[in-house]
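So this one's two forms of a single chain, laid out as structure tokens and tagged structure 1 and structure 2.
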Structure 1
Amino acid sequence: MDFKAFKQEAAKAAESLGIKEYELYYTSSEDTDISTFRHEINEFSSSVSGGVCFRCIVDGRMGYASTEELSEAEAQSVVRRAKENASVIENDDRQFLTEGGQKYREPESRKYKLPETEELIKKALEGDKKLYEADKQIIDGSAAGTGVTTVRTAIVNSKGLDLSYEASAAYFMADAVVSDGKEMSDAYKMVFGSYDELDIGAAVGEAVEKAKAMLGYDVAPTGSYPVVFAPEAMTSLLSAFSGIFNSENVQKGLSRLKGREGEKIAADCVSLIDDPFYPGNGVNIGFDAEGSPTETKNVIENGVLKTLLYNLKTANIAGVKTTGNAAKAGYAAPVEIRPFTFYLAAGSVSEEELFKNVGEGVYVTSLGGLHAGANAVSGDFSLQSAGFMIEGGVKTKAVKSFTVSGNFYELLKNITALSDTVKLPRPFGITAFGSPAVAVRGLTVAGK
């Protein structure tokens, strides 16, 4: 059965169990992915996935249950299970469902043209050819990938809310593996958008250049240096620590920003913006996972913490209005809080000028192991890094296999300058992170 029929069955079941307040949240995604190996299509996959989450308020407590099986029996089962689950919940914070009939800002529609499978295959093979032609050091294992991704979400509830959106895009990915006979190095670049506009030449060029730059690398010397984070590295850090701005974490003591709204928490040059309508992101959305209208806001403005990110429940506890940041990590997940396009605002200098100002230091282009090496509660991080030395004010030799350690709360205060161009390394998703290059004073580098 489809979602519409499932919804009706669930409504009937809710009524018969005396459930007055409930919501259904539906997600369905379709993905096609194609990849090459040695000039041939090696893997093709086409997946359809998704499901429905039913949640309801019973005696003031919120219960959840989900399923991927859309059948009459499952519609009755989720309703019964959600009610049962609500009965053992001890969280007595006031729970909310959104009334229908609110006004939402309509995002600028982005109708990306999606290709047929044959076209995708052609583009993947074309990308593969370009990769091998791009450089003599390219070796087997280099791959081109193409695909399309479509996500549909709908939220309906017992209070007349009925919202839905759909986003889709095509992508191209170049995965370059190079070897100088001794060492191997790899790097990839992914571009999203309308199929016709995917710049595969640029993606191939960037992947190959990045992979080659790391051949014949050195290990950075141990010490304390100023560090310039490339946008790709800074967005990794920002994504690992974005939870510190989540009001639920703050209320539960999992962030050190408790009671800091209105205070200075970062250097004057730092502004951090959350924008659900950011033009550079392929997904723009006018409502959040609770159906509240979304809005653009400065989270940090010239170093001052202006607001945390709220949903209905946490806003009620804090006595403020929701910022429209309710989010779910998948259809079955509870309602949490996440930013949309979350980015550090651009500064005024070029990357070259950042290097010049730093003089002697390290330029970090990528950070690894963020799920382990970054502690979102304490703010401490110690991360595997790769990049280049900055010597005499210019970018010099490649360095790898070293760590950069610090504390994110301190780092925000120690930012000395930001470059003039914001980049989104992955510009397609309800949540996406962006940053210019960022210079930070005094971080510890452990290498040789």
Structure 2
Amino acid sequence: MDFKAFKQEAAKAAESLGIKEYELYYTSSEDTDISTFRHEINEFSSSVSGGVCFRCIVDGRMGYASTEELSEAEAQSVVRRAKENASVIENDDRQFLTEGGQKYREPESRKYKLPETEELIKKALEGDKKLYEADKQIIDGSAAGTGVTTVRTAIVNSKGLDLSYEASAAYFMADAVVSDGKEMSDAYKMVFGSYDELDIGAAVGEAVEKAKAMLGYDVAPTGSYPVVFAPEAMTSLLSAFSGIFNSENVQKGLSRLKGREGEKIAADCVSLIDDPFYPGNGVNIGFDAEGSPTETKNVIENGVLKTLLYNLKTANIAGVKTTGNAAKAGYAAPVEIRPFTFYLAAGSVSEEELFKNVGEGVYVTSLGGLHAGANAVSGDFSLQSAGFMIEGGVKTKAVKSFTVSGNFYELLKNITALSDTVKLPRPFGITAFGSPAVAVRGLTVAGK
């Protein structure tokens, strides 16, 4: 049974049980992944996953039930179980379903023609060959990978909502491991998009150069001095602390931004944008997990907090309109809040000009230990880092094995400049993070 037939059976079951307010949320994904090792295919996987969640409001309480099986019997079962679950819910928060008939922006199509498995294998082996030929310092452990992914989402409810979306893309990944005979280093690069347009040569070249650049490293000196975060590093930091802009966290006291909308919380040069239609992301979507229309919004604009991210429930509590940021971690998960493409807006100078303006400092290209070293409530962080020294206004020797410490709320205020190019390290997904290079003053570096 397909989802169209399933939703009809669920609607009949809801009517027979006297359920007047309900929603069906459907997701599915198809993934094929191939990787190489020592010039051979060493891993192949193909999977199909997904299911349906039925939500209903009974006596003011929301009941959930879900299933992976699309059948007539399971349609009746999931409706019955959701009604039973609603009867035992103790939460009295007001619950909502989205009204149908609203206007939605039509996203740019991201459904590409996908290659057959034989083509993916050929591309993976071609990438592997290019990787080993790219440099004499490449060693075993280096690998290439290809794959395709397709995601589908549909939402229907008793209020006239009937929405669906599909996106697909291919990817290529190069993981370069290099050695100079004394030490090893590694780096990877992943690109998404149309299979025919994947530039595997450029991906291989970037991965190899990044890995080679970290050979012969030193340890950064201890001190308090300017730090320039590379786009990849700043993206990691933004991802770790994105929850401070989540209105549910704010309302629960898990963020220091309560009552701060309309106030200045960052430097004048800082604008933070959430864009469901960002052209650099392979997933553009016109509705959120509750079926509300999505929109591009400045969360921070020229240093001022313009809005938090809301779903229907938290917007009602705050007395504002939802920002269309309802999300689900999976079809069976409860509704939460997440950004779409969340990124710091570009500045007006190149990375080289950032280095020149900083003069003496450190360029951080990667951050580790984000789960243990970043406190999303207080904003404090102390993270294992790697990168390069900035000396005399230019990037110089590689450095590793040092920590960068500070506070994210204070970091926003201490940003002095941003480079002119935004990068999305992983540009495919309902949620993606991006940033230009970012110069910050007043951070603590602990090294030698």
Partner chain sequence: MITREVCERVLRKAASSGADYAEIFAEHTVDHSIKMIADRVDNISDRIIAGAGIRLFKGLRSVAASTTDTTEQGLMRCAQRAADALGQGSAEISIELKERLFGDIHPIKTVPATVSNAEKIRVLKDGYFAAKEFSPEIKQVTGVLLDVDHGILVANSEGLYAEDRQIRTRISINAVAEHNGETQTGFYGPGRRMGMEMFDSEVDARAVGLKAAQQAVTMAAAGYCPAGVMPVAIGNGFGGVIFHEACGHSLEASSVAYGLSQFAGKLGTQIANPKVTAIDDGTIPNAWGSINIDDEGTPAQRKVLIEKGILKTYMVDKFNGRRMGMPSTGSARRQSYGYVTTSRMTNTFIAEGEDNNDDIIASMEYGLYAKEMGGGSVNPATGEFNFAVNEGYIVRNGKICEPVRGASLVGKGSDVIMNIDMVGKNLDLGTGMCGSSSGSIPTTVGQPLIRVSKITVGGR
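By rigid core we mean the largest C-alpha set that fits within 1.5 Å across both forms. Quantities reported herein were computed from a predicted structural model and do not represent experimental measurements. Residue 1 is the first residue of structure 1, and the numbers go on in sequence order from there.
Of the two forms shown, the one predicted in complex with the partner chain is structure 1, not structure 2. After superposition on the rigid core, displacement of the C-alpha of residue 430 between structure 1 and structure 2 stays below 2 Å. The two forms, fitted on the rigid core, differ between structure 1 and structure 2 by less than 2 Å at the CA of residue 320. Once the rigid core is overlaid between structure 1 and structure 2, residue 14 counts among the residues whose Cα shifts by 2 Å or more. Structural comparison between structure 1 and structure 2 after rigid-core fitting shows the C-alpha of residue 76 displaced 4.7 Å. With the core fitted, the CA of residue 56 sits 2.4 Å away from its counterpart between structure 1 and structure 2.
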